[in-house]
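Encoded as structure tokens, the following chain is the form predicted alone, with no partner shown.
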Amino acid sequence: MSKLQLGIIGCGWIAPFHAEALNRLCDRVKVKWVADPIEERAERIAAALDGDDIDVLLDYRAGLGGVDAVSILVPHHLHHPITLDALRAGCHVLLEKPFALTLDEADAMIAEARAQEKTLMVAYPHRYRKSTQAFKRVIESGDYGRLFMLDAFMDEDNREYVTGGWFVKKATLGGGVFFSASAHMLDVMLWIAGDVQSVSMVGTQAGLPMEGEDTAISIIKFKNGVVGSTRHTWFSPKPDRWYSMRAFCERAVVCLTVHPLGNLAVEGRRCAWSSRITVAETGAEEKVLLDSDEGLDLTEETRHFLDCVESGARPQTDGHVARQLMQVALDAYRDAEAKGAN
């Protein structure tokens, strides 16, 4: 079987993580080019990829006709136009989150992927991580009784990352931390608990120089009766846990904790990690079910994309799932605006 020919559009902070995953899957995919309007950034990603014949482009449109698929890793407000360009050129698309800025944009992208009969997958990596999948299996095993509550927390200090440009404006970010990044937690929660009955949120500007909220809390009721909450800050003075989710079951609390052991914003893919699953049962000491060094590894997410391209199967995080996550965030924003809560 010939390798899938792929181009990378956008060579910012997340691009080295994608490059690392593609290198691990080099038996299935060949990166033909990388594109970024800043040539130095594109050259850096090209150098990080396996192979010595990778073209560096300043304009992604020059390469669309020569590849089967693209990974789109650009600022949020560019997701819609670049995705449409790629689909119309006959490319399958792996798109970094969030899907789009508006539901109309999302609908146009879904419709174009359907019309072109191409795979459109949105990169919500946490559900593809081995530790998150193990967490879900523990909950669904029934060993600890029925799930009734989920609580998720992301504790980040992004002062060195959120300093200006497109990231600080609502019109280009799409909102604040809740729209941009809390969907990492929401995706896993909806994956486990199902459809949302109601959602509300509150937000505040703790200190980052951005128009939207840098800190947000949400409360969710799922249609199956499970309740949930998310808490997220980009302005933590001392992050304790980068990502954690607790599942409250009838007889135990199951906790997934994912934490960088260094400065993630600065070290990027070089950062070491700790991922753990613990369970605390009634009347018993906490025990560790999983302890690994798995971090922000995009290999399984990328593998799933390649599988779907090859088989024609629907991605787990396709346009419809990504649109649902957008709808949850936008509904929460609408509720907060009516109440003066954000």
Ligand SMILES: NC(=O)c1ccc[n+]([C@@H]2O[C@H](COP(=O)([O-])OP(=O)(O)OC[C@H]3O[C@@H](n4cnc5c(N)ncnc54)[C@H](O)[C@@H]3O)[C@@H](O)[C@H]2O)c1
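Note that this is a predicted model, so its numbers are computed, not measured. The first residue of the sequence shown is number 1, and the count goes up from there.
Another form, the form predicted in complex with this ligand, is not on view; read the next lines as being about it.
Undergrad: Using a 4.5 Å heavy atom cut-off, which of 102-110, 158-166, 142-150, 224-232 contacts this ligand in the predicted bound form?
TA: Only one stretch passes the 4.5 Å heavy-atom test: 158-166.
Undergrad: In the predicted bound form, which of the listed residues (82, 188, 256, 120) lies with a heavy atom within 4.5 Å of this ligand?
TA: Flagged contact: 82.
Undergrad: Going by heavy atom distances of 4.5 angstroms or less, which of 177, 74, 193, 199 would be at the interface with this ligand in the predicted bound form?
TA: Checked against the cut-off, the match is 74.
Undergrad: Test of understanding: in the predicted bound form, would residue 127 fall inside 4.5 Å of this ligand by heavy atoms?
TA: No.
Undergrad: Test of understanding: in the predicted bound form, would residue 28 fall inside 4.5 Å of this ligand by heavy atoms?
TA: It does not: once this ligand is placed as it appears in the predicted bound form, residue 28 has no heavy atom within 4.5 Å of it.
Undergrad: Can you work out whether residue 78 and this ligand are in contact in the predicted bound form, taking contact to mean some heavy atom pair no more than 4.5 Å apart?
TA: Because a heavy atom of residue 78 falls inside 4.5 Å of this ligand in the predicted bound form, the answer is yes.
Undergrad: Evaluate residue 296 for contact with this ligand in the predicted bound form, applying a 4.5 angstroms cut-off between non-hydrogen atoms, and reply yes or no.
TA: Yes, contact at 4.5 Å.
Undergrad: From first to last in sequence, which residues of 4-43 have any non-hydrogen atom within 4.5 angstroms of this ligand in the predicted bound form?
TA: Counting only heavy atoms within 4.5 Å of this ligand in the predicted bound form, the contacting residues of 4-43 are 9, 10, 11, 12, 13, 14, 35, 36, 37, 38, 41.
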